[in-house]
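Take a look at this single chain in structure tokens; it is the form predicted on its own.
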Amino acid sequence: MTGRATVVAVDGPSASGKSTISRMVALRLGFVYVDSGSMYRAVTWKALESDLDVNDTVQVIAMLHRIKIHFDVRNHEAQMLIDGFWPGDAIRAPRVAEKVSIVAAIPEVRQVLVAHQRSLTRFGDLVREGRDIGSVVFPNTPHKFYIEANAAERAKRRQKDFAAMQIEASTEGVAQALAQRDKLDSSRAVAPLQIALGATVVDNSINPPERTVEIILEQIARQQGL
């Protein structure tokens, strides 16, 4: 690849479908897919595995400076390894989901992980999904999207994810957890969840994934003058 890497930023709340959509867009474009949220989940998972109190900012920051973070690209997807280990689906467990917003709100954690995120352009063109990609991490990319979906559909999707991991969770409990996560993500002082300036908002509530992908690809083509 020559020149500056192209970055497609895909933001949105939990269970809006942005991960599925971002993977599909990356595959269609031949870009590397990056799940930024998994980085915060991985740090949260490491803190919990280390029996740390994630509400103790000092403990979490000290751990962050002890661990070694490394990135590999596997099957066109960037993965963050901590001390050489990739925790896989363990980062999706409810105990991590319940605490990740606390860890993600720590300014020092965001500073370290945002620096890592920006460095991933060394792998080439990227489709980046998260909550602050278009607003903070890559605010200058012209390709910004915000994926949203209604609360009922999001709860259904998250419960389906848990079922696939053989984790039992009630629909009511999942909905409450998502609402709490939204509140924490949108109200944090540093890099809150918001629609980035210039982002294209796509409602992914009822569209099949293929249609949402086409909407994004059509917009990118227009932005590139194709």
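One-based numbering along the sequence shown. The structure displayed is predicted, hence computed values, not measured ones.
As for the form predicted in complex with a small molecule, it is not shown, yet the points below apply to it.
Taking non-hydrogen atoms only, residue 14 approaches the small molecule to within 4.5 angstroms in the predicted bound form. The closest heavy atom approach of residue 157 to the small molecule in the predicted bound form falls outside 4.5 Å. Looking at residue 46, you'd find every heavy atom of it more than 4.5 angstroms from the small molecule in the predicted bound form. The closest non-hydrogen atom of residue 131 lies within 4.5 Å of the small molecule in the predicted bound form. Annotated contact segment (heavy atom within 4.5 Å of the small molecule in the predicted bound form): 132-140, selected among 132-140, 78-86, 119-127, 147-155. Across the proposed site, 92, 100 and 185 without exception bring a heavy atom within 4.5 Å of the small molecule in the predicted bound form.
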